[in-house]
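Given next, in structure tokens, is a single chain: the form predicted on its own.
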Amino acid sequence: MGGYIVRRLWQMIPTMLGVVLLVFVLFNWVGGDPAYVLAGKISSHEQIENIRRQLGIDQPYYVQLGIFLKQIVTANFGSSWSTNEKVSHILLTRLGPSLTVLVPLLILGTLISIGLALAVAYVRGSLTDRMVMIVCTVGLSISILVYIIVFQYVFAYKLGWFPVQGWGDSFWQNLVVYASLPILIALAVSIAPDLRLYRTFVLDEINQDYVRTARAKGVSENRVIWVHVLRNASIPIITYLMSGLPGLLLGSFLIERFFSIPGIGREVILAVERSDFPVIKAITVYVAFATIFTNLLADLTYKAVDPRVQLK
């Protein structure tokens, strides 16, 4: 196990170098000259050259790449072009609100979707199964914007159960008061596709030979579904969850924007609107690293769930 982890960590280095090189090329050759972005429409040639000198983009490309690598190693991407706030401070302060919403969402969404998928698989082929699939299809056809508008109108304006916007310094207040409605909306959006997918994983396992053998030995249907089938269906479920985990931070930008949650997703939108390259580059690199790390975590989780999995 230890040797496998060391090898995987070693393999991350060339992968991250490739990502860094791609980001560097995109921001330097495709993204345009940042000096013109900072200088504005009305600026002189001297002002633009001064900004280029301050940013270091008047240096050769290999020097700029070295500066970029140093920023990544030291986790110091400088300051935001728009607010002059340290990029590291921006990410640290925005990560907490995002996790306040996403961690409960991930836990509740996974448990509810798996439980419903197993229950639907238990009555597979019945009228209940068909009705649940129809409801999921309808849910998939509705835009998240519709969910946000309807839930805000019903639960916030009409019933007054939740505030529409706000965020404080208390973790429990944020979780219980301000994050409850966003989590509820995100659950309504995510359960339908997750349920359909997990149901497919479960049904693929139900028809396997080991299930027939367990039934022939007299094992109850509940134990077959909730123990044998669930263990083997958890492998693709883990793959799906881990592959989408880093994207959750960025994929929640609509929720964070509509509810004024000061998280990573909203910060990405603001950075794009302002052409704030240091913030965008930092988030891009960290999301890439998180994606590589969660792939390793997924492999280790396979081994924990099913000891028959061999890590080589």
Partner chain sequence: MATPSATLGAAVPRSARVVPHTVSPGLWTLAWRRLKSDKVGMVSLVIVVLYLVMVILSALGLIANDWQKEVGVNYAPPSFLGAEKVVAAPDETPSVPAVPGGLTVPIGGGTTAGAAGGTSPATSSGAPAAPAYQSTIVDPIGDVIARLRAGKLPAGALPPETAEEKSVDPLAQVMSEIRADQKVAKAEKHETRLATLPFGGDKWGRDVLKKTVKGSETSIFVGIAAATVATLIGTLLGAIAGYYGRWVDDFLNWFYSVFSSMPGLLLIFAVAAVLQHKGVFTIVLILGLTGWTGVFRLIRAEYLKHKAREYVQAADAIGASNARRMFIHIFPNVSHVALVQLSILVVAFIKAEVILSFLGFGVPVDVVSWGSMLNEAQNELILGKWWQLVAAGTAMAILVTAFSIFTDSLRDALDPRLKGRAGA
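The structure presented is a predicted model; accordingly, all values stated were derived computationally and were not measured. Numbering follows the first chain given and starts at 1.
What comes next is about the form predicted together with its partner chain, which is not displayed.
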item: Heavy atom within 4.5 Å of its partner chain in the predicted bound form - the one residue of 138, 123, 99, 175 that qualifies; value: 138
item: Contacting member of 227, 219, 75, 146, with respect to its partner chain in the predicted bound form [4.5 Å, heavy atom]; value: 146
item: Check all three, 23, 196 and 258, heavy atom within 4.5 Å of its partner chain in the predicted bound form; value: yes
item: Interface membership of residue 85, its partner chain in the predicted bound form, 4.5 Å heavy atom rule; value: no
item: Residue 277 within 4.5 Å of its partner chain in the predicted bound form, heavy atoms; value: yes
item: In the predicted bound form, residue 288 touching its partner chain (heavy atom, 4.5 Å); value: yes
item: Contact label in the predicted bound form: residue 161 to its partner chain, heavy atom within 4.5 Å; value: no
item: Candidate stretches 147-155, 113-121, 85-93, 167-175, one within 4.5 Å of its partner chain in the predicted bound form by heavy atom; value: 147-155
item: Residues within 4.5 Å of its partner chain in the predicted bound form, restricted to 259-295 and counted by heavy atom; value: 268, 269, 272, 273, 275, 277, 280, 283, 284, 287, 288, 291, 292
